[in-house]
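Next up: just one chain, as structure tokens, the form predicted on its own.
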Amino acid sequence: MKAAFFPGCLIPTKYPHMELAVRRTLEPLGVEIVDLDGFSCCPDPIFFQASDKIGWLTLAARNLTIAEEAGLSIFTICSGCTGTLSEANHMLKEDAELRERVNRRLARVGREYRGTVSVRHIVALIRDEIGIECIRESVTRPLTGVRVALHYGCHLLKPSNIMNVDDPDDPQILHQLVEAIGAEPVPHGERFLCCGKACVDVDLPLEMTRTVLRSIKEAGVDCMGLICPTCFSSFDTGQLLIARKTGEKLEVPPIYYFQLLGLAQGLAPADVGLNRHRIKPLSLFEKIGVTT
């Protein structure tokens, strides 16, 4: 199958190795990635939307029109991008008056939103169009014995009536994807807590990050598995900030799921950018017999 790839801003500029991992792991799954010219920031699903709802909708709609012109639905690799584009798509399809208002703005740049495409996070695309079994079949080096604590984050699952990815109170999609590569998904007590990134407070975001990391540390895992670059930033760089502020070294390696998939497909750690992480998953490397 083929779909329009919406990479967003954060991954290409700050974590390009995540995009590399996606591109390298989708090919064995039979997904044809279509790169379209003209995409901009999604934009941000929290602060931009709160400050200028119509501007936020217009920019999101403009991105959707690019995929509409190509006749392709969109897949994203960032939960925030998925949230923005899915919510904007839903609102504009449901509200004719709002759609007309946004289209008046889009007309200034020669565009019109028609509501003809869908938006899905890449994990939902794989589950629904490719199938979990296809993941299993692509594995050449199963991550046997590797324990992965899962962090779903906020935007992938909520609002559930718009995202339609999984049950927000009992999600299974990441569990299934981790099991498909031979690893063990491990529940922990704070698996539903926000990473803290969106909280407008001096101390609270880092405290929330530390709460999640402590919960994972207590679970005795090799790494943390996630699918959001914003969450990754909180848990990777955040550990350095926690150590600097409190002296506490948690040493919980956060890993983007498609980096784990790349390892299971036989790629080297450097091939999926794991050498770029601040917190290295050394026990994982030891269990599967690889080095950085």
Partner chain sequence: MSDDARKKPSAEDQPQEAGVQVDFAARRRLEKVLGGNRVSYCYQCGACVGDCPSARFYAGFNPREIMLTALLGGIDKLVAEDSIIWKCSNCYNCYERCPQDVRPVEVIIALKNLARENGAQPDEVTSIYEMIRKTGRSAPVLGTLNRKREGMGLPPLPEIDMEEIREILRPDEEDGESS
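Numbering follows the first chain given and starts at 1. In this text, all values refer to a predicted model and were calculated from it rather than measured experimentally.
FYI, the form predicted together with the partner chain isn't displayed, but the following is about it.
- When the partner chain is considered in the model of the complex, Ser51 lines it closely, a heavy atom lying within 4.5 Å.
- Shown alone here, His277 lies farther than 4.5 Å from the partner chain in the model of the complex, counting heavy atoms only.
- Using a 4.5 angstroms limit between non-hydrogen atoms, Glu129 is distant from the partner chain in the model of the complex.
- In the model of the complex, the partner chain sits beyond 4.5 Å of every heavy atom of His121.
- Taken together, the three residues Leu213, Leu226 and Ala268 all stay farther than 4.5 Å from the partner chain in the model of the complex, as judged by their closest heavy atom.
- Contact with the partner chain in the model of the complex, defined as any heavy atom within 4.5 Å, is confined among 133-141, 218-226, 174-182, 205-213 to 205-213.
- Contact residues in stretch 78-105 (any heavy atom within 4.5 Å of the partner chain, taken in the model of the complex) are Glu87, Met91, Leu98, Arg101, Arg104, Arg105.
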